[in-house]
Structure formats: C-alpha cells, structure tokens
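Next up: just one chain, as structure tokens, the form predicted on its own.
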Amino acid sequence: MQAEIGLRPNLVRRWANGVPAHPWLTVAPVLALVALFTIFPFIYAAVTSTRQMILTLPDQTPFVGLKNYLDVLQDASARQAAVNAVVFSVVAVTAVTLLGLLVALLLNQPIRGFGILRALVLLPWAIPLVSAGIIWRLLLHGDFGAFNGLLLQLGIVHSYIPWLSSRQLALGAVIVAHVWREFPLPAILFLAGLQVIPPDVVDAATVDGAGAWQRFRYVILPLLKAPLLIVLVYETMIAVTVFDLVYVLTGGGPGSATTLFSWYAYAATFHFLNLGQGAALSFIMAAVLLLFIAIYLRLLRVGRDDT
C-alpha cells in the first residue's frame, strides 16, 4: 500500500515534467518478450561465436575470439558454399522479381476472369516449403518423375534426366523450385503498386507518343520503386537463408553442388555439433544480408513521392 502511494506521486511528477510514465508501463510486457526472444538469443549467439563450443566437449568452452570466423573464411568448403549461395541468390532473386513483375503486368489488364486468376496465383506461395519441396522432388525424380515423362512423351529427350543427382543440373533444379514457390508474393505486391498508378499519367504519356516500352520504362517502372525495393529486400533475405527446399530436394548434394551457405551453417551446427562455428556462420550470413539491403537502399532511394 505504501509502495502504491509512493508510486502515484512519482507518476504525477513525471506528468508534470512532460514525460508520461504510463505508456512505458503499458508496453513494458511487450518489450520484455522482445528482449527474451530476440535480444537475449542475439547476445547469446554473439558470445557463442567467440567461443569453442562443441557439443561433444561440453566442459571445454574456451574463449577463442575471432578464430571461428577466421576458420570459416579459410575453409575451402565454406568458400564453395558461399559461391553457390551467391549464384543461387543472384539468379533466384532476379528470376523471381522479373517473373513477379510480368505476372503483375498481365493480371493488371482489364480482362474478364482475371479476378479468379489473381487468387489462384497465390497458391504456390501458400504451400509450405517442405510440401513444395516434396512436390518438386516427385516431379524431377530421375526414375519416375512426371517432368521427365512429359519431356519423353513430347520427344524432347530420349531418356530420363537425373535433375537432382547431377552436379550440373541440381542447383538449377533447386532454383526453379524456389522461383515457382516465391514469385506469387512479388506479383501481388507489384500488382498493388500498378493499381495505384493514376491512369491519367499513363494516358498522358500515350498522347505524347510514348510506346508500350517507353511507358513502362519511364512512367510505370519509376512509380514501382517502393514495391520493387520491398521485393528485392524480402526475396534476398529468403534466397540467402533458404534451407527447406535444399533439405528436401537434394540434402546439399550431389557432392557440394547445392551446398548453400545456410546449409553449410546447418551442417556445422547439427552434423558436426560445432555451435561456435555455426553461430559465426550465421553472423557472417547476417552481415552479407545487411550489405545487400544497404546496396538496395542506396540504389533505390524511395521518398514520399514514390510511396
């Protein structure tokens, strides 16, 4: 009771000073949850990345500083995984963005029946990643895959192709599955951006003699800068950290053909039980993501006039 009486004058004094206390008391539980499930794991992972923490040696966790990071940078397997991740991310993000934009331009046409198609286009994105991986694993199976059967029936190939067990084809197969799964969301975002573009602007460009490509390049595309930035940031985050499709489709194989950086971090943590190196790999991956996002923000500066 005395504590409550002492608290009320304190609140009154804070109100008198122009700094209300009750908003902070209201959000305090939320801030506590954020600290518990976000800030604490981040700090714990940062500490783990500077220690030799191997689950087979639970009593030996000496401080090693940046050794885990240096070991990763000097590891040929990690460098190969990084190269695979860069190739995968560049190709996948480019393909997802372009395909999403093309689908959005198509769905933006005033054609009857496209309302249903706009709902159906979201179906691949609504499928869980593991389920999508299983679907594509059955489609691309080297012995009884439906895709091979279709190509064989059309006479395009004369024998089944081992899409997922070939070092030359496996990464491309994973990229195709990833693009199929991810393009619907960018398509909807671009479609939303297209539908808020004033028709008068496009009509004025048409009256001035601008062709279809010129209208798209100089009128429509600049007005899609904000959704384009969102798509690039989001899809880059997804591509760099993709794991489920690789796990279901190829398991990182054959060899190291589909061993992406995210898969390598998983293997270091759960296969080799090296938590320190796994944490270091995760922070390197996060740093690369921040670099990509900074580049996007630099190239696509979105102001109030673009939103």
Partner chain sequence: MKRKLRLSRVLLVAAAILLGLVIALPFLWVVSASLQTETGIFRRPPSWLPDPVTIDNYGYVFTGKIPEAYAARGLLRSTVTQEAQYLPIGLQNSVMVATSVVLINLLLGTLAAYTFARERFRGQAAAFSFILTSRLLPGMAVAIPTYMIIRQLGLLDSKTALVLIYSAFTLPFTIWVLTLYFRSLPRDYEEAAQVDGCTRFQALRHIVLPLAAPGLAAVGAFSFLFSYDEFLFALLTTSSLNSKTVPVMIATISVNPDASYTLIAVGIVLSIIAPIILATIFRRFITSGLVSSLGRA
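Numbering follows the first chain given and starts at 1. Since we're looking at a predicted model, the values are computed, not measured.
Omitted from view is the form predicted together with the partner chain, to which the following refers.
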> Heavy atoms within 4.5 Å of the partner chain in the model of the complex: does P62 have any?
Replying inline: no
>> Even though the partner isn't displayed, in the model of the complex is K225 close enough to the partner chain, meaning a heavy atom within 4.5 Å?
In response: no
> Does any heavy atom of F183 come within 4.5 Å of a heavy atom of the partner chain in the model of the complex?
Replying inline: yes
>> With the partner left out here, check for me: in the model of the complex, does some heavy atom of W125 sit within 4.5 Å of the partner chain?
In response: yes
> Among 71 to 79, 88 to 96, 167 to 175, 133 to 141, which stretch has residues with heavy atoms no more than 4.5 Å from the partner chain in the model of the complex?
Replying inline: 133 to 141
>> For the partner chain, considered in the model of the complex: do all three of V27, I39 and F270 come within 4.5 Å of it, counting heavy atoms only?
In response: yes
> Considering the partner chain in the model of the complex, which of A204, V83, L117, V157 comes within 4.5 Å of it through any heavy atom?
Replying inline: L117
> Are there residues in 147 to 174 with a heavy atom within 4.5 Å of the partner chain in the model of the complex, and which are they, in order?
Replying inline: G149, L150, L152, Q153, Y160
